[in-house]
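Read the single chain below, which is given as structure tokens and is the form predicted on its own.
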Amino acid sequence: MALVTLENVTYRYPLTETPVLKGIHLSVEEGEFVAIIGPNGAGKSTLCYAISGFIPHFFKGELSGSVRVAGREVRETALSEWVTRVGLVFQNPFSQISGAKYTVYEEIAFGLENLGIPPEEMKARVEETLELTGIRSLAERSPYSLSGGQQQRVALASILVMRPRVLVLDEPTSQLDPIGAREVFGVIRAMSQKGMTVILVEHKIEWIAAFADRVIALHEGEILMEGTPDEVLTHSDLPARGFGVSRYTQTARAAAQQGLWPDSLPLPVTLEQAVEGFKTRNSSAP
């Protein structure tokens, strides 16, 4: 049985006429890592809000269809309970840091305080999360004294400490430099390897290819295609519809038109795949 299921989900924001999501059918198994890609305006963030319960509990608008996590329907579950099932990490960590606490340690504990978690359990969970996200050395620092990558790891820790069954990330590295992005992806990879269900919206195609079990291409509020990273990320229809494509896919596609890419191999997404493909071609060339 799928952990997350969306059945015929359509959503329209207040004071708008056109739905942002249109008849979405989606299921995600427990422990699966699903990446969602799409051009700007495709509905990716809105889909994150629907899965995380911000729709309909925060953004009102008009929602039809069913959103379920672990068998519970989002309309029938209070947001305070839903956040213990699904955690959402935003693009900008400033949007997630409360501003009510002086240290990273207190910031991570803030959500548990609001849930009335007993102090001993709270301490144990915060300590565990500091270790898990690699930010123990930052525990006594102010959240506002940190780099972007460090702040995003704090925002991620504040969600993980709640122990959600599903982690939803809406372009968590879009405002980070390469070092910060690597830090955050390292934590996401660790959580995925521990069996957490991850739903990630991201534009970094090579990272998606490296981590995701399945990729869903969203276009104008509808699922255009889904499949393995190699199947979706190299599909010839994507560039014309505004999707980003890996530079290695572009290079290999141009090479294939010149007969310089092995017919037996799929197009690459990552540098490693491209290197292997050209090595294979060169070794078999007359």
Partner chain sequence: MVVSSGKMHPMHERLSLYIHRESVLHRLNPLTKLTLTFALILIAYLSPWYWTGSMLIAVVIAPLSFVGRVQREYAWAALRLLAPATGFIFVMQSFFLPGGQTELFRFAFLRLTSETLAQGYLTAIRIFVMVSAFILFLLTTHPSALMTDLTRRGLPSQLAYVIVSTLQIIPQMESKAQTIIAAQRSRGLDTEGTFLKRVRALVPLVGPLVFGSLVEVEERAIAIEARGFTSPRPKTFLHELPDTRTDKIIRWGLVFLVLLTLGANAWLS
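Positions refer to the first chain, counted from 1. These numbers were taken from a predicted model, which means no experiment stands behind them.
Omitted from view is the form predicted in complex with the partner chain, to which the following refers.
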Is I97 a contact residue for the partner chain in the predicted complex, using a 4.5 Å heavy atom cut-off? yes
Give a yes/no on whether I179 approaches the partner chain to within 4.5 Å in the predicted complex, heavy atoms considered. no
Do S158 and the partner chain come within 4.5 Å of each other in the predicted complex, heavy atoms counted? yes
Any of the heavy atoms of E106 lying within 4.5 Å of the partner chain in the predicted complex? yes
With the partner absent here, would W207, A256 and W261 each sit within 4.5 Å of the partner chain in the predicted complex, counting heavy atoms only? no
In this chain shown alone, the residue from V201, L112, V215, I135 with a heavy atom within 4.5 Å of the partner chain in the predicted complex is L112
Quick one: find which of 228-236, 52-60, 33-41, 243-251 has residues within 4.5 Å of the partner chain in the predicted complex by heavy atom distance. 52-60
